[in-house]
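Let us start with two forms of the same protein chain, each given on its own as structure tokens and named structure 1 and structure 2.
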Structure 1
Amino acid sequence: MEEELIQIKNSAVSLALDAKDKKELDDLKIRFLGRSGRLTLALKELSKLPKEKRPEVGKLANEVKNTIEETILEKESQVTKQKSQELKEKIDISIPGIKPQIGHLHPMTQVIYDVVNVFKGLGYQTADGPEIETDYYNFEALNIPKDHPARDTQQTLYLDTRNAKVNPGEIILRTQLSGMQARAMEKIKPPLRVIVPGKVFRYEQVDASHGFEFWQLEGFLVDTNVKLTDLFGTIDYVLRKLMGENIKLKFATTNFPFVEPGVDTYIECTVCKGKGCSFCKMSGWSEIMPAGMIHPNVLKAVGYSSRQWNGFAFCIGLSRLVTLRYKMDDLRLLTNPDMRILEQF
């Protein structure tokens, strides 16, 4: 009995290894493993053996069956690959592929989705506000009264008031997104975690690193016991998530009337790796995320107690973030509809 089983195994294995195609292998399966196959028939003889011999022979029979199955399977896989190879040799596989007709999402969109996602993980909700804004929300509510010299840093585009019951100079195109601080805080009590991506407008001549329309993302958090170190930690986390963990960052003091203390964040220029280029004005660093602890006057203007609540606010230059991320040397590339640019993203 044992000898017969081993003979069956040897015969099946050698036939399988010699098989030329799938059909021969299918035939082998039937000849050995099928309902009236050699192995199946041999196994039926098992019951005729003395009881004490059965386990030993049974075990051997199983091994034989497994070996035959595995060998056939392996050979099948080999034959399939071989066939594919033969068919590929019949065609010129070096001809470029036929690409599916798929469009491209704008790089700004891709970056906005990424940024929103990172902040979502930190518990921020996203808001969207008006671009046609009042002087009050854009400046006054932010501790920047009329005739404040800080207005010089944000030259404003004023809207034509013809035929409208509006005083000239009162309605503008927003120069920053910070107006959403007051708009949101007026309507809801803390704790708050909000981001606002959007377009801002400035009266500014256009060049490689300036424009009259560009994208920013404003964020603010109001709670009890918010600390300056929380702001540093948030900036560090967010920028590393967006730009890679190995970026170099540094913080500096700055002044915006709606924060105190004021913080500016610089990232080592990704275009020149800190050596200095036209994009970073030869400094090797690019200003990326101004921020600060929200000024008590801003909290007071919306009726929050600055003893009970405090918070921080920050702004990311989204247009700059996109250009830094993709090493684009000109902000104007972002508004250019040239598909030779768009297709790269």
Structure 2
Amino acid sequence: MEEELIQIKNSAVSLALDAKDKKELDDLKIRFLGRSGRLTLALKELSKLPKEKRPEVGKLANEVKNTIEETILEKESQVTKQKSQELKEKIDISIPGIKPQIGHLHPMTQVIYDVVNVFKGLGYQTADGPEIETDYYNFEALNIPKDHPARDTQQTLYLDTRNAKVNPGEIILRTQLSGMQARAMEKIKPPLRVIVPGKVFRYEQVDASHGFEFWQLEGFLVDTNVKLTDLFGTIDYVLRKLMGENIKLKFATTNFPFVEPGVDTYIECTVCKGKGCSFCKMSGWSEIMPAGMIHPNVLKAVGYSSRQWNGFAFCIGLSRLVTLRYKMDDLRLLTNPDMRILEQF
């Protein structure tokens, strides 16, 4: 038995020292130390030896195993170093490597983060809502009944609800984020300050300043004794934080069923600097933030007392804000996958 173990050791060590690569060494491990390896099979024969010889032969077997393992390990180290040296000789390591491209945030995402941070400083909490909305939250809870003419301006995209347990026309892609007013106010007791960034969808003609899928940020505040001047102050503060202190703003009256009174905020077009271009429809101004005082009917729809509570709501056109911030002349650049455009941000 001792002679057989010594022969196994000598054979394994000799073959290991002559091995040229890691594959040969891995084969040697299996050949001698694997489940059916020569040394493993020999160790199984120990039980057949007399009891007085087993300790001595067992000690020798362990020494043989350790010797084989150490020899293979040392040879693996030598082979690895040799391969590394050969590669260094073949490759000119002084040649500059290829710099990997590192991704970064899309300009829309960057602006969303900036807007959210500004409103967080004003005490607003951020909420999220479904892109697939019901007619009730998108329209009726906002004081827009089914026969209201304001629905015609929304260009709504309706989902096919055949074979579903809902009436036709009840499930839509949200046309505005204002529906989150009702959803949030149903769950949160006043006072509250909430902003909701997200995508909306409308069946519109796509041009330099319009799209059928675009981003908005809805915001609303409900408290006691809220005034229109509070709304103007908020709009002025937020837009100057986002666009710079020197921007030019102007307000105009407008009409939305869910606010009374309603105001529209315009910013001087940054693309043409007020001279007139295709983006601003040659007016020199771009609509950026429609707003107004929340209509009492909207407060009543969610169970708020319009005598005790009032507030304001606003909506920032985020897609348009991004294009104006970076002086883009076409909204469609935001969805263009051309890396030459995206790498600029």
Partner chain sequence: MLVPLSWLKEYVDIKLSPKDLGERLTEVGLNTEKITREGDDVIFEFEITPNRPDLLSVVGIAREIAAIENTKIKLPPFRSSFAGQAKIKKALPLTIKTDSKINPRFTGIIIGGVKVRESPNWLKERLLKTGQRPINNIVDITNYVMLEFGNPLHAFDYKKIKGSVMTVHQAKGGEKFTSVDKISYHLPKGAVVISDSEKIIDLCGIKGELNSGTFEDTTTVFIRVPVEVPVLIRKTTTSLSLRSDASSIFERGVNAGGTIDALKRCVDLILSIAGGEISGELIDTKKEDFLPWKVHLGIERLNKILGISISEKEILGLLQRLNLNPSKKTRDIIEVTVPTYRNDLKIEEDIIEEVARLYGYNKFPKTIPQGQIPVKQIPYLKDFEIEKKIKNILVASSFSEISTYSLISEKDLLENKINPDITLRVDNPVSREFEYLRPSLIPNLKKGLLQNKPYFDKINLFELGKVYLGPTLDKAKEEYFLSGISNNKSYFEIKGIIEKIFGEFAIKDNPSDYINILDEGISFEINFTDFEKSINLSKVYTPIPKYPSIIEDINIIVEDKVPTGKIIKEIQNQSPLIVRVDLLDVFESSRTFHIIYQHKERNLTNEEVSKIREKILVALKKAFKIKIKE
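From a predicted model like this one, the values you see are computed outputs, not experimental measurements. Here, a residue number simply tells you its place in the sequence of structure 1, counted from 1. Rigid core here is just the name for the largest C-alpha set that superposes within 1.5 Å across the two forms.
- Assignment of forms: the chain in structure 2 is the form predicted alone, the chain in structure 1 is not.
- Checked against Lys165, Gly97, Lys146, Pro50, the hinge of the rigid-body motion between the two structures corresponds to Gly97.
- Superposing C-alpha atoms between the two structures reveals a rigid-body rotation of the smaller part against the larger of 102 degrees.
- Taking the rigid core as reference, the CA displacement of Val64 between the two structures comes to 72.3 Å.
- In the core-superposed comparison between the two structures, the CA atom of Gln101 travels 3.3 Å.
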